[in-house]
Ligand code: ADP
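Okay, so here's just one chain, in structure tokens, the form predicted alone.
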């Protein structure tokens, strides 16, 4: 049986900051079913949720970093309800302040994860010949593949680097190179990287791994273009022969639902009446358009969304928002609650509330996902599971999971006009047999991890073979 180590910054439910944690918490469980033995390694943050779980110390590691010798304690536990081993790396100096927010992307965070990468490599060395492949995820693990090359050469395991979001790159100070024991002139690639004054961790992962993949087939194609790949597009294009995309799945057990494609009508009507009451919306049979997301001004389409909210109400619809994020955009959307003419048909809720999110999914007719870019996106998959038809911008995983007029609606150009046009098409099908058919299609679409895990197994086998061929 193939043995894989999955390295990441988080793993749900032990450490969860965002969508990455959900992926790392679900993928190894699905891999287990298809005959891949996957371990997970993450930092042991102070706020790790380990109540009612067996945790024991496995070994100690000594990590040379920043001119000092640092001790890391390796603790072992299991992912709940599985046989998947999770290794937690503990060090007070570097991990005591982490695990509280995603995407901080600052110098101290890059130092923390550079140290984590060193510790992972030492762990792999301590378990020599245990792993066939090390699967690294996002910039937090960007130096692992490079350091494995340095430390073990061809005897290292095969390496795969997954890009979950290219625009979070982990740019750190040039001194980090010295902290890990690399000096100017030793590595042409690192010398080139730091020539602009910083070390780019995602760049290191992309360029030094055996293979690269992204979290949807369309996103893998997009990031070789300047529009989506920005300053790294040429670097990724150089790896195009060893680049692929696998659509993330979702763990349906995290999303309770007491109806299915055969009896959703009365259940959703009941949820809708409850949510209208709870959020003080007018109790009419109006189409409800929901937006549930992190309020990220650069990614989530907030600028084109806010412009069409009055149009949704004017056309006889209701708008519900749930999310937190950028403070300026929190304030912009909160003002809609008080805007004249929108009263009773708009509910903006600036908070993080998993239970309310699930209620809104179940109650809403349509789910707005107008992202400027979306590597994979889970929101549209969750919406479909609950029978809420997604309205999406045709990018990344949104394009790969939503078929216009079949299980949702899509628009091609990023503009409020094109978004509104898709919303108007949704208004036209509301309450018709076509909508019933679309809801049934959406609810029957399977985004479980089973299919994706099988694709990862095939990719792992391919990458291991390519690495073995490099010996010859």
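Because the structure is a prediction, the values reported are computed rather than measured. Positions refer to the first chain, counted from 1.
This protein has a second form, the form predicted together with the ligand, left out of what is shown; the following refers to that one.
Checked against the ligand in the predicted complex, the candidates 91, 332, 149, 299 yield a single residue with a heavy atom inside 4.5 Å, and that residue is 299. The partner is absent here, but in the predicted complex a heavy atom of 361, alone among 361, 123, 319, 113, sits within 4.5 Å of the ligand. The shortest heavy atom separation between residue 384 and the ligand in the predicted complex exceeds 4.5 Å. Contact check for residue 353: a heavy atom falls within 4.5 Å of the ligand in the predicted complex. Using a 4.5 angstroms limit between non-hydrogen atoms, residue 377 touches the ligand in the predicted complex. Although the partner is absent here, residue 19 lies within 4.5 Å of the ligand in the predicted complex, judged by heavy atoms.
Per the 4.5 Å heavy atom criterion, the ligand in the predicted complex is contacted by stretch 299 to 307, the sole one of 299 to 307, 216 to 224, 81 to 89, 273 to 281. Residues of 287 to 320 that come within 4.5 Å of the ligand in the predicted complex, judged by any heavy atom, are 292, 293, 294, 299, 300 in sequence order.
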